[in-house]
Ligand code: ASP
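This document starts with one chain, in the form predicted on its own, laid out as structure tokens.
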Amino acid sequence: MASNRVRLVLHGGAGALPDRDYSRQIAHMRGLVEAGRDRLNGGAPALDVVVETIAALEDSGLYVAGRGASPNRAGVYELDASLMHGPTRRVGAVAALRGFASPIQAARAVMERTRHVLLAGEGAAAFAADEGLETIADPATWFTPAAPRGEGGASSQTGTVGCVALDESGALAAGTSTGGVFGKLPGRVGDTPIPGAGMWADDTAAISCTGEGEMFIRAAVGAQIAFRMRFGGQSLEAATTATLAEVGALAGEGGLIALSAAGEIAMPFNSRGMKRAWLGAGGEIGSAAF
């Protein structure tokens, strides 16, 4: 039975280029929202749907995350991801992960099978191996970068995927996964695996960010939105608009998707575009790049 309560929003990254055709991404994102809707209407928890959706975004090769990521300056693929369950504040994250197909699955394993929040580098890889997560046999053939190195301007140099969901029980969840900025220094970590910066979920709101990670860290974007709502009494729209304006004041570009416990949706961006798709209050599904 369809529910009027469930919601789902996803993004495929900020910085869409006006002269590029995103019809494949738009259709793909729409299909993922349809699948997520059916899962949520069937009683699946928001956390499961967020992980499943992001894993599909990672595996598609259509976005600068997972299979579609680009290497760092040394030619190595280092991936980041994070996941958070709103009702319990459980959170897991990995940073600079090498050799594994799905960073979001690794983040979930950190959440559910350790006492930690964030594992990085060799430690994250060793843990993922111990957990039996899918490895990448040959990065040279497995990765299919979604955008050539150096394509476009500054806003095309980043790429992230994310999802937020609200299930029938009223639980919120959020997750984010990325290959990071193009040409990054080895070991660089942006906002994606940092709870409260590139991702956040509590009992007020769920947020996933995309853009210039350093600026999103400096503005604590994910947590700031939820705290503006909880402690400042702001609406989701007001909180997201004001927080993204702070990123802009720091000369940062990007965007975010956000979902409130009441089912309100916000998808602001100050870059030239942001690939996104959503399941609205009336059951309508939308997908766009600009």
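Quick caveat, the model's predicted, so the values are computed rather than measured. Throughout, we count residues from 1 along the sequence that is shown.
Below: the form predicted in complex with the ligand, not depicted.
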Hey, in the predicted bound form, is Pro103 touching the ligand, heavy atoms inside 4.5 Å?
no
Gly86 within 4.5 Å of the ligand in the predicted bound form, heavy atoms
no
Should Ser208 be classed as touching the ligand in the predicted bound form when contacts are defined as heavy atoms within 4.5 Å?
no
Taking the ligand as it sits in the predicted bound form, is Val181 near enough to touch it, meaning that at least one heavy atom pair lies within 4.5 angstroms?
yes
Please pick out the stretch from 184-192, 88-96, 123-131, 104-112 that is in contact with the ligand in the predicted bound form, where contact means heavy atoms within 4.5 Å.
184-192
When the ligand is considered in the predicted bound form, the residues of 219-241 having a heavy atom within 4.5 Å of it are none
